[in-house]
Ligand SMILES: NC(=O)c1ccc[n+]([C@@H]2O[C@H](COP(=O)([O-])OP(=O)(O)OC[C@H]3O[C@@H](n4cnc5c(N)ncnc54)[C@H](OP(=O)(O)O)[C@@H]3O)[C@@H](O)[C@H]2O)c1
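Only one chain is given next, in structure tokens, and it is the form predicted on its own.
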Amino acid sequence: MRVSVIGANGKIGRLIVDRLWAVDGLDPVAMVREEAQAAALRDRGVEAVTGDLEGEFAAALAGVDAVVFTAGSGAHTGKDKTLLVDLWGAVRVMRHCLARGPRRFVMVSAMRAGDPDAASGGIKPYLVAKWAADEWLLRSGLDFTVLRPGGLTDEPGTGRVEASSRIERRGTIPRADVAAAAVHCLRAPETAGKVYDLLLGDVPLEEALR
């Protein structure tokens, strides 16, 4: 399975690429914005292409079997980039998938994206953009899974999570466990059509996502 990783130079994206590269039968196609980033990945033997969610990105989707979307405008950009990347960039990728394939689509979203009105302050525009992108995906007809992790940390992954359609408590989760969940979903047909809130927990990841 060739898997396009949109946002492959992000913190979660890099972990996803590494995990895909380590699994037999899963081959990452890493989409990054800069040629220097792509060259560094190619030096490791990873297939990499340059693309821009505000411009051209079709090369990243050519001949792939699935997409993991983990791109974001970043915490230091304005609301305009949140709109153009986190929302409209995601929709553009989904529209391309509908027109030309692939059909399998794993979205790395954010906890509370299901109810942006429950948030306030600077994070709310981000959650609204994630809500709209998620809703577009849910209604698209693509073979989707949406992962909505809580607060992200750089702690080592534990392989144990709490996963549910809605988790009321606040919490955190290592980025490594989010990456592991995304890769697992690609190989687990039972996760298709599901939306998961995701936190650090006590249940083995594969069992929690069953």
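As the structure is a computational prediction, the values presented were derived from the model and not from experiment. Numbering starts at 1 and runs along the sequence shown.
Form predicted together with the named molecule: not shown, discussed below.
Remark: of stretches 26-34, 60-68, 158-166, 41-49, the one touching the named molecule in the predicted complex is 26-34 (heavy atom within 4.5 Å).
Within 4.5 Å of some heavy atom of the named molecule in the predicted complex lies at least one heavy atom of Gly10. Looking at Tyr126, you'd find a heavy atom of it within 4.5 angstroms of the named molecule in the predicted complex. A residue is said to contact a partner when one of its heavy atoms sits within 4.5 Å of a partner heavy atom; Leu53 meets this definition for the named molecule in the predicted complex. None of the heavy atoms of Pro174 is located within 4.5 Å of the named molecule in the predicted complex. In the predicted complex, the residues of 134-159 lying within 4.5 Å of the named molecule by at least one heavy atom are, in order, Pro149, Gly150, Gly151, Leu152.
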